[in-house]
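Just the one chain here, laid out as structure tokens, in the form predicted alone.
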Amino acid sequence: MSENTGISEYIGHHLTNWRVGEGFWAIHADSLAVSVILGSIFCWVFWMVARKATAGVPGGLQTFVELMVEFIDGLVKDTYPGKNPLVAPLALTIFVWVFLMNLMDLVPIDLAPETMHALGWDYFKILPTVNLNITFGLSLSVLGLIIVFSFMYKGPGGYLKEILFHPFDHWALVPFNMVLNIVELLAKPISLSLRLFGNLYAAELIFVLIAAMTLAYGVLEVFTSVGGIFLLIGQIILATIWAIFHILVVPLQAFIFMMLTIVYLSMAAEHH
């Protein structure tokens, strides 16, 4: 019973945010701080490369940034109808920022909590996308852009007509069209946020469970007992396999979030 309690506490500790404040207005300071720091690093690196870009033979970092920009720009041209100066930079920002936040899942599971505990913080989650507030905040921004794009390209009257008379162009079905379109509109940010959150939360939980395999043993007992050694070897193998697999998940989830954003904005810009 004590072993199960220790494992439960260990898992709960790693899945608990550093909270500032109480109730509805409480802030998850760890997720907010890590996401802002990663976003600042992204902006600084790309600004530095753009500032020092040369027309001659580019360096490794400039080559990487140029490839990223060209890749995202090509995707936007193939997916988004027409031209809009906001879509490609937005897609690039979403992909790199979400990728960097997801990449924090590959940091050793105990490194950040133990380091911050030594500095005086009881809880610290270094992976922002495991926090539903972060993923839902990103998706709400996308929802706002969908509405703005709909007004820009269709006008207030055109957008209202689409809500009232699409997909069924008849006055008797206006209430049904309204419910259908509102549900469709709200489903976009919800699906965006839950997809990203769910995938990263599951991956993080598996890392925590793998790390808890040797929790019943002390530091010395792991290396001096047969059971501890076997569990340690299994732990290392499982963690390595899962980390290699997760290397594919990290960019994939960022790519899906970016592509769905482009698709949603392209749908907002199209006339039915």
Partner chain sequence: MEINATLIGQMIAFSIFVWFTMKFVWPALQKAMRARQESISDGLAAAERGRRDLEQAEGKTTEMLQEARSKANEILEQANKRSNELIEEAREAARKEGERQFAQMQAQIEQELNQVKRELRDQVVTLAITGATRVLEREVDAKAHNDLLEDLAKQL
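Numbering follows the first chain given and starts at 1. Because the structure is a prediction, the values reported are computed rather than measured.
Although not depicted, the form predicted in complex with the partner chain is the subject of the following passage.
- For the partner chain in the model of the complex, the listed stretch (172-180, 103-111, 70-78, 157-165) containing residues with heavy atoms inside 4.5 Å is 70-78.
- Proximity of Leu194 to the partner chain in the model of the complex: non-hydrogen atoms within 4.5 Å are absent; the residue sits far from the partner.
- Using a 4.5 angstroms threshold between heavy atoms, Gly228 stays clear of the partner chain in the model of the complex.
- Within this chain, Val148 is remote from the site of the partner chain in the model of the complex, having no heavy atom within 4.5 Å.
- The partner chain in the model of the complex is not approached by Met116, whose heavy atoms all lie more than 4.5 angstroms from it.
- Proximity to the partner chain in the model of the complex, defined as a heavy atom within 4.5 Å, singles out one entry of Ile206, Leu238, Val49, Leu215, which is Val49.
- Checking Leu186, Met152, Leu86, Ala202 against the partner chain in the model of the complex, a heavy atom within 4.5 Å turns up for just one residue: Leu86.
- Candidate site formed by Ile27, Val65 and Leu132: every one of these residues places a non-hydrogen atom within 4.5 angstroms of the partner chain in the model of the complex.
- With contact defined as any non-hydrogen atom lying within 4.5 angstroms of the partner chain in the model of the complex, the contacting residues in 79-98 are Pro85, Leu86, Ala88, Pro89, Leu90, Leu92, Thr93, Ile94, Trp97, given in sequence order.
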